[in-house]
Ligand SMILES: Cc1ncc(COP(=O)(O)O)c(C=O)c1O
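Take a look at this one chain, the form predicted on its own, written out in structure tokens.
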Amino acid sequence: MVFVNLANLRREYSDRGIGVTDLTADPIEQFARWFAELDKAVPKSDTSWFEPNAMVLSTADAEGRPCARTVLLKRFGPDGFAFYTNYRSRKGRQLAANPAACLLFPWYPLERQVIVTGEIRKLPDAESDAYFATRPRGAQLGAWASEQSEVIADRALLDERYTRFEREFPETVPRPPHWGGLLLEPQAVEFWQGRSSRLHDRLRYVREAQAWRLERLSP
């Protein structure tokens, strides 16, 4: 067995830092600014290993047992952060039982991360229909073929289901009723900037009624 000395992987962060006066009054606007900076900083040739809109979605079941996975952010705005999934999947079932969730955006190239906590609600069917229609045909058929998170005997079974739906929908593929959008409505948004000596900057927006309060956290 080969062991890696994890202590030797330690690296020092830069000291770019962020302060309260560097951030906007609205966390969604600030998120948009950081996202734009990330998009400019990462060469398009490097996107094979890094997806800017990838985020870690953490959920918990009715008993409080946590689970996390990476999903793709599909839009964001004043109402929150949207993504799409199979409602019958593990995350779909967990969110139906416990809508509290957390999103983590690990933006390593800029030594940043954003953490968003809040509650999940379903997007309107019309919005899910509109997005599903823009997906590649293969992804549309995959949404029908995959009984996401269920145990299957082998890969062949998945391929057989895909072929079956390919024959069933030779032209337009309708959106499966168990597949659609979810929106996380933020209650807190934390912006983290790596700094030297592990004295990182952490600034968090907390929703208060219709406004946001900005506070600094100890690293």
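All figures in this text were calculated on a predicted structure; none of them were measured in a lab. Numbers for residues come from their place in the sequence shown, where the first is 1.
This protein has a second form, the form predicted in complex with this ligand, left out of what is shown; the following refers to that one.
Exercise for the section: Just superimpose the C-alphas near the binding site, carry this ligand over as positioned in the predicted bound form, and say whether the shown chain is open or blocked by the 2.4 Å backbone or C-beta rule (3+ atoms for blocked). Expected result: Open pocket: the modelled ligand, placed by site superposition, has no clash at the 2.4 Å cut-off.
Handout entry: Residue contact check: K74 to this ligand in the predicted bound form, 4.5 Å heavy atom
Key = Answer yes; at least one heavy atom of K74 falls within 4.5 Å of this ligand in the predicted bound form.
Exercise for the section: Consider K122 of the chain shown here, and say whether it contacts this ligand in the predicted bound form, taking contact as heavy atoms within 4.5 Å. Expected result: Result no; K122 lies far from this ligand in the predicted bound form.
Handout entry: Interface membership of R112, this ligand in the predicted bound form, 4.5 Å heavy atom rule
Key = Heavy-atom contact with this ligand at 4.5 Å: absent for R112.
Problem - 4.5 angstroms heavy atom contact with this ligand in the predicted bound form for N98 - result: It does not: once this ligand is placed as it appears in the predicted bound form, N98 has no heavy atom within 4.5 Å of it.
Exercise for the section: Name the stretch: of 166 to 174, 66 to 74, 27 to 35, 151 to 159, exactly one has residues whose heavy atoms fall within 4.5 Å of this ligand in the predicted bound form. Expected result: Only one stretch passes the 4.5 Å heavy-atom test: 66 to 74.
Exercise for the section: Report yes if all three of Y84, Y131 and R135 come within 4.5 Å of this ligand in the predicted bound form by some heavy atom, otherwise no. Expected result: Yes, each of Y84, Y131 and R135 comes within 4.5 Å of this ligand in the predicted bound form.
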